[in-house]
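Two versions of one and the same chain are coming, encoded as structure tokens; call them structure 1 and structure 2.
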Structure 1
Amino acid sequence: MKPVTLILRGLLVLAALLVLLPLVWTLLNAFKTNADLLVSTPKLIFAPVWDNMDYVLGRRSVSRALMNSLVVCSYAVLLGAVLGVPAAYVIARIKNRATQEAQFFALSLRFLPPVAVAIPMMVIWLGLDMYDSRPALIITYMTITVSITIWLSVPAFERVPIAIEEAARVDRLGPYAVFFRIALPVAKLQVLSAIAFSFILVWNEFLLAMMLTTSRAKTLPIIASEMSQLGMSVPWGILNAAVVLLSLPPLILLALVGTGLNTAFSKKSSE
């Protein structure tokens, strides 16, 4: 094996360790007592306890916030995909000034700081008597999911060979059939990755949820942040348990997407 290959593999292993170390450390701390956490020398060998997880899972506010996060993020991602994926296909296939402006507008939504979106949205939802509600949060989150889905799906559809679509039109397939039966199956892996990324962004969104909710529609990041206290009485074990609970859905989704990508790539290589 070449020295350059060994160096590159070593760098990849080091990068993987740097990414995994905080996750593993947070998971370990979630099962420690405060006596094991507040020591000068970190403990790697300790008696695990379930008290922190039991406290987090036993709180009614956590279960309500978890349900709010699941409902709001799922609907925002689903509606964002329904609107964003066809729009990305149109932008990829029809090249003119209007589609270029639409693509830039989708990206420009991500340029805005969250507070620039939250303040006008808060005024709108207060005027419509929809403040602190799931529908208001879903529509607001769609500014994230639609823009991300469009921006990341356009290159996926651009890589679909036009010759395949032209052959489908020769076989008398209409534009909708070409999209659903030809273009979308070919680009599905990249599109699914874009949708998964949009889910992660809205799942971890904090500022919008903080400014647009007070009690009924609070999401899990807000509740997790409320578990911390000032001074030396910070419940680090409970805080780490909340972070673990907050991280599980995105990690499970990434694992499923990664498994799907590996399966698809292995099938292509075998062919």
Structure 2
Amino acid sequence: MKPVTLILRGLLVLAALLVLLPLVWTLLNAFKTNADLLVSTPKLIFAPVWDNMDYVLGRRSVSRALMNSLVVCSYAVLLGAVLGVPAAYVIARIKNRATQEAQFFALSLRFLPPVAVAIPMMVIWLGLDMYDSRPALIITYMTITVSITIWLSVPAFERVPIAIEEAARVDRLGPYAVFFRIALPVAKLQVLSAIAFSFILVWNEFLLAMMLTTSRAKTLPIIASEMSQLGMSVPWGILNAAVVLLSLPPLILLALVGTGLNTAFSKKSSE
């Protein structure tokens, strides 16, 4: 083996450790007592305790925020999928000026700075007396979910061979049946990973949730960030536990659609 290869491999190992170690470390910290955690020399060996997790899971604000996050994200993603996936199919199948503009418009929503959406939205929801409510947050999040679902589903449908749709049409399937019984099942995996990605985006969303909620509709990231402000000293053990819980859903989704996501990435390259 050449020395260059060896150096490059070392670099890769280093990068992999840099990604992995902070995560493992946080996971360990979530099970430490403050006496084990707040020490000058980091401790690798310690007696794990469940206290931090217990504290986080036992708080009413956390369980309520968890419910809020689940309900808000699920509805926003569901509505995003119902509206976005069929739209992506049309954009993928009809190539003309209008659909190209529609595709670009969906992407350009990502250019909007979140603050520029959050401030007027806050005034609007205050005016409608819907401020700090789940529906307000769901509707606001649809900006994210609809556009990202369209954006990521278009390549999924472009990959479906036209020939099988033609064949279905020869067998006298109508256009709607072709979509629901042929195109959608064939593109299923990639469409699902697009939807999973839109879920992760809104699950992680912070700025909009913080500006649009004050108490009832707070989502989990907001609660997690507030835990650093409990009293004078930062409760790092509890914070680590909250970080672990908050990070779990995206990681579970990654594991679930890991293969799907992999193919989505290779699609990008073949364009």
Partner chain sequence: MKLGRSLPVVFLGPALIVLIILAAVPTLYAFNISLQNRTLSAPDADYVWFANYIALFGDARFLNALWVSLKWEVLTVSATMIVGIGLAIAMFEAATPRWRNVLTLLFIIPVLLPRVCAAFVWKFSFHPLYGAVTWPVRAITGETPDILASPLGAMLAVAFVDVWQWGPVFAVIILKLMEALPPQPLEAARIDRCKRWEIHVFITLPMLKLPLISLILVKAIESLRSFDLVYVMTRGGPGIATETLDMYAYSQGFIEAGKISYASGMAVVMLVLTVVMFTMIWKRLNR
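By rigid core we mean the largest C-alpha set that fits within 1.5 Å across both forms. Every residue number counts along structure 1's sequence, beginning with 1. The structure displayed is predicted, hence computed values, not measured ones.
Both panels show the same chain in isolation, but it is structure 2 that comes from the form predicted together with the partner chain.
Once the core is aligned between the two structures, the alpha carbon position of V19 differs by 2.9 Å; this is the C-alpha shift at that site.
A C-alpha shift of 7.3 Å is found for G10 between the two structures, based on superposition of the rigid core.
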